[in-house]
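Take a look at this single chain, the form predicted on its own, given in structure tokens.
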């Protein structure tokens, strides 16, 4: 018997440009769902059904997609749990965390608590499903894998170690049906007053120089980091060498 599989998807965000895109982990979740259920896979999103990025998911070879329509300020967990209970889902595939919004990675766990289902975190693959039990391959550090078994139904968060998502076809994605379902979402009172801003990289911490002699301190100040792009000085005279060292110190902001 083929399991009833649903893949939860979100709006991703490119790490460099910040543009909306198909989320990397959610795309891998859809790829895993296609392996398990084929075209019978259900893809579910909570939010705006007019979002053009959603077409990139159905463009992977799906005829339709379901969108639970609600405002961005509403909590997605109650609407998701009600829908999953009505549809009698066996396996729910999600990403480890979203690329936009709160990006807390708590949705799988909050859903599992509300539904009373087990959670399998960082799934690399679902090897087989037999007699209501699934054999799941977990992703461990340094490329290691661990095989576990879990009874249906369950929620699986798909890791980056899973198979990458196939290329999305533009034409089929535009022709696919977007089935919108109106929901009465509960407003998230905590998130209403939040203000989102681009994260800024933290400044690099300067290394503490513990050299005792002046020569050691000078060497530490002028040394290039290991693996960095150094400079080769081929000046022959002492004056040219001194000038090159002086220019290097100015370039590295050691002296001004």
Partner chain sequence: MVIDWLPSILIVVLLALGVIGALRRISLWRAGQPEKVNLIAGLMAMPGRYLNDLHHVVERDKYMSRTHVATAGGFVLSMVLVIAVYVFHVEQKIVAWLLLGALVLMLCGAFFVFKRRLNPPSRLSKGPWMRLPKSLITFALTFIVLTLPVAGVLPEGFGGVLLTLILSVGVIIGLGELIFGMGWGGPMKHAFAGALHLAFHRRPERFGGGRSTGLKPAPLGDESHGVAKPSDFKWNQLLGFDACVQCGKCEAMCPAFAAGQPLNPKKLIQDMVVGLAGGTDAKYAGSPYPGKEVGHAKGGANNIITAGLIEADTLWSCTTCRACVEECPMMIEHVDAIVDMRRFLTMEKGDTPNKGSEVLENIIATDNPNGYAPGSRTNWAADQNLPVIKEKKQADVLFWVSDGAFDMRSQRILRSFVKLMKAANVDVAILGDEERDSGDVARRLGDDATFQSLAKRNLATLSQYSFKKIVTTDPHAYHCLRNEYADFDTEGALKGVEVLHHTTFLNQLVQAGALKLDTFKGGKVTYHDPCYLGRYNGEYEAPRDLLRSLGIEVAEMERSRFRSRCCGGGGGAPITDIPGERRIADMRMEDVTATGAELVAVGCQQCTAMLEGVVEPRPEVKDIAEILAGQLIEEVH
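Numbering follows the first chain given and starts at 1. Quick caveat: nothing in here was measured; it's all calculated off a predicted structure.
A second form of this protein, the form predicted together with its partner chain, is not displayed here; the remarks below concern that form.
Contact check for 22, 167 and 175: all three have a heavy atom within 4.5 Å of its partner chain in the predicted bound form. Segments offered: 88-96, 143-151, 167-175, 109-117. Contacting its partner chain in the predicted bound form at heavy atom distances within 4.5 Å is 167-175. Taking non-hydrogen atoms only, residue 56 approaches its partner chain to within 4.5 angstroms in the predicted bound form. In the predicted bound form, not one residue of 60-88 has a heavy atom within 4.5 Å of its partner chain.
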